[in-house]
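One chain comes next, on its own, written out as structure tokens in the form predicted on its own.
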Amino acid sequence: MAVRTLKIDDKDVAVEAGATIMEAAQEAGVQIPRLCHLEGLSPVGACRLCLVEIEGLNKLLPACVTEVWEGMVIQTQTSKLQDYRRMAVELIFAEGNHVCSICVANGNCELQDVAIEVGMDHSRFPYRFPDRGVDLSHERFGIDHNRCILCTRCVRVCDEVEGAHVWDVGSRGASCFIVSGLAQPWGEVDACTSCGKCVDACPTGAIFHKGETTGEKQRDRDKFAFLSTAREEQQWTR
């Protein structure tokens, strides 16, 4: 097994060749903020919260999709990175309609957690207040597009873990939104198995169980890492 040696935040790390910076950081006990990344799903580098600085490079790279190389010197917590991360979170809040006080995920929301982590208490950018809908056509679940951050976890978990491919990203640019089926109401998509994996994968209150009210959403955050390992190693207990 080929091994790469590197430094992350002045810690010496040795990891298998092909590992990402995110995986190397976890090996070193270094926490890097993320929203689109979820163990057990393919990384996409969409949220840009995991950007890191690498000695000798004049640009920031996303830790979740960048493979390590020999001799890398990585910084994950510089003031420059903190500024970028705070700006990214401010933009996410400004482009959607995130009202924590009435959200089902209030107190159990990864966006909320990251906002606290980066020290965001307001957005310097004008709020767009987009006109977005809520789909309650499914008998068990609902999706509130106002709370969606387009992390695409629901798209990937439905495709890669459940194999149903109910979700996709529709439209372009600032008009992008998550669509079910062929832009059908969720409850009319025959491919949906009602497994609820998209509810567990969603980092905010965008996809939820019907009947949940403020602060009641609970998720099994470790489910997908378990499923991925179980399928690869045929170990089905945890």
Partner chain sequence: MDLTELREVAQAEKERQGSIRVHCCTSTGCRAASSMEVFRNLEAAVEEHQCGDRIEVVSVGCMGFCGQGPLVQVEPGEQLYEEVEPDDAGSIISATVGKGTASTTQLDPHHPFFAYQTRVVRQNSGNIDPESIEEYIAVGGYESLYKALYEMTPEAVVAEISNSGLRGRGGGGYPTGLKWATVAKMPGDQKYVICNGDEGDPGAFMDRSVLESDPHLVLEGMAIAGYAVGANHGYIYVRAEYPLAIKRLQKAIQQAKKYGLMGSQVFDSPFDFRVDIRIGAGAFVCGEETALIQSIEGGRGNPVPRPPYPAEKGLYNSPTLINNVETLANIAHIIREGADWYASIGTEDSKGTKVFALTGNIRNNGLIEVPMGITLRQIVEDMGGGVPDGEVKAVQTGGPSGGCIPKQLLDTPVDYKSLREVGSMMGSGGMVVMDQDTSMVEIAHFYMEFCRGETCGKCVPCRTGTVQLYGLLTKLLKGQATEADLEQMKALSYMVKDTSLCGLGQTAPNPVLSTLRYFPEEYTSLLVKPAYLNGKTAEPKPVSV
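This structure is a prediction, so every number in the text was calculated from the model and none was measured. Numbering follows the first chain given and starts at 1.
Same protein, other form: the form predicted in complex with its partner chain, not shown, and the subject of what follows.
K.L.:
Pick from 47, 68, 32, 201: which residue has any heavy atom within 4.5 angstroms of its partner chain in the predicted complex?
P.N.:
Spelling it out, the residue with a heavy atom inside the cut-off is 47.
K.L.:
Which one of 41, 192, 51, 54 is close to its partner chain in the predicted complex, taking close to mean a heavy atom within 4.5 Å?
P.N.:
Answer to the contact question: 51.
K.L.:
Is there a heavy atom of residue 94 no more than 4.5 Å from a heavy atom of its partner chain in the predicted complex?
P.N.:
Flag for residue 94 set to yes.
K.L.:
Is residue 170 one of the residues lying within 4.5 Å of its partner chain in the predicted complex, judged by heavy atom distances?
P.N.:
Answer yes; at least one heavy atom of residue 170 falls within 4.5 Å of its partner chain in the predicted complex.
K.L.:
Can you tell me whether residue 136 touches its partner chain? I mean in the predicted complex, with a 4.5 angstroms heavy atom cut-off.
P.N.:
Close contact is absent here: in the predicted complex, residue 136 is far from its partner chain, nothing within 4.5 Å, heavy atoms only.
K.L.:
Is it the case that residue 149, even though its partner is missing from this view, gets within 4.5 Å of its partner chain in the predicted complex, heavy atoms only?
P.N.:
Yes, residue 149 sits close enough to its partner chain in the predicted complex that at least one of its heavy atoms falls within 4.5 Å.
K.L.:
Does each of 99, 102 and 141 have at least one heavy atom within 4.5 Å of its partner chain in the predicted complex?
P.N.:
No: no residue has a heavy atom within 4.5 Å of the partner.
K.L.:
Among 121-129, 157-165, 102-110, 71-79, which stretch sits within 4.5 Å of its partner chain in the predicted complex, heavy atoms only?
P.N.:
Of the options, only 121-129 has residues within 4.5 Å of the partner.
K.L.:
Out of 73-90, which residues reach within 4.5 Å of its partner chain in the predicted complex, heavy atoms considered?
P.N.:
Read in sequence order, the residues that approach its partner chain (within 4.5 Å, in the predicted complex) are 80, 84, 87, 88.
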